[in-house]
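In the form predicted on its own, a lone chain appears below as structure tokens.
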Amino acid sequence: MLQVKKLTFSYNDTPVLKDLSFQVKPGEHLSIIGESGSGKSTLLKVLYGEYDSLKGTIFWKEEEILGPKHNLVIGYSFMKYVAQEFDLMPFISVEENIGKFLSNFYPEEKQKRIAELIKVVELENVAKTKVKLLSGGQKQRVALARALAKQPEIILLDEPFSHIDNFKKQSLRRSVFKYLKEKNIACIVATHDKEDVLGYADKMIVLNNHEIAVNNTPENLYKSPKTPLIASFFGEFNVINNEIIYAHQLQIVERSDLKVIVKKCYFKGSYYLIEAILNEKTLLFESKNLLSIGAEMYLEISE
């Protein structure tokens, strides 16, 4: 497994990561979340050996992962890293990019592997197209497939679906994470998108103030968010009597102690997000029906 102990990293004298400790088992999916600048991408680069840590240790099984001070060539054969910059070869095809580092001694196996990965990232219709002609989202999928080509034991993904349009994102996410589980490939995903986490991640780390604020399952953190930062990752929320309440946990009733005045309504598809005023403060709740601006409503907290 990956074992990280007391990991600390700084840019010059600016602290980025402080005393991080966690582990990832083979085949496990760990999500890293946090606000912009919290150190998500930096953590992946330190784990990959692209940066030298100030202190602490990183091991994958029995092998220590070290930075450029110790390795002439960055990276390890058992680990792949897909950054937000894709570093692809633009003048060769999608197939050729994916198969670039696969052995030519077994051409049939190589082609079978390439075809399998093209299917995983849903690029069958552009397999023979030169990468320079692809969209940003398509290039991101090629980078994912190329990283998986030699079937690493662990893969680090930095915002892996950020360039993918919504028409493809959901099915691609299911396909990639299903493949990683089937092949028992551990993955660490730095993301700002809850859809990368819910339904897929086994564990979730929240970075805040350069440290691990919490390390738990997504389900536990969703059901019992300890801070507004955690709640905000999952959805719209309120703080009522020092308690974090999601917008969907409030329902309209005939009479209660929570009397609000409707200010705005936002259509969200299957419901309306209602912005209301409670004691001169903004409160958010959900309604199946469109409400009149200025209407008085009573709310209660549902279980």
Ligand code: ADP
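From 1 onward, residues are counted along the sequence shown. This structure is a prediction, so every number in the text was calculated from the model and none was measured.
Unshown form predicted in complex with this ligand; subsequent notes refer to it.
Asker: Using a 4.5 Å heavy atom cut-off, which of 234-242, 63-71, 258-266, 29-37 contacts this ligand in the predicted complex?
Answerer: Flagged stretch: 29-37.
Asker: Would Thr42 sit within 4.5 Å of this ligand in the predicted complex, counting heavy atoms only?
Answerer: Thr42: contacts this ligand in the predicted complex.
Asker: Leu291 versus this ligand, in the predicted complex: is there a non-hydrogen atom within 4.5 Å?
Answerer: Judged by the heavy-atom cut-off of 4.5 Å, Leu291 is well away from this ligand in the predicted complex.
Asker: Please run the contact check for Val16 against this ligand in the predicted complex: heavy atoms, 4.5 angstroms, yes or no?
Answerer: Judged by the heavy-atom cut-off of 4.5 Å, Val16 is in contact with this ligand in the predicted complex.
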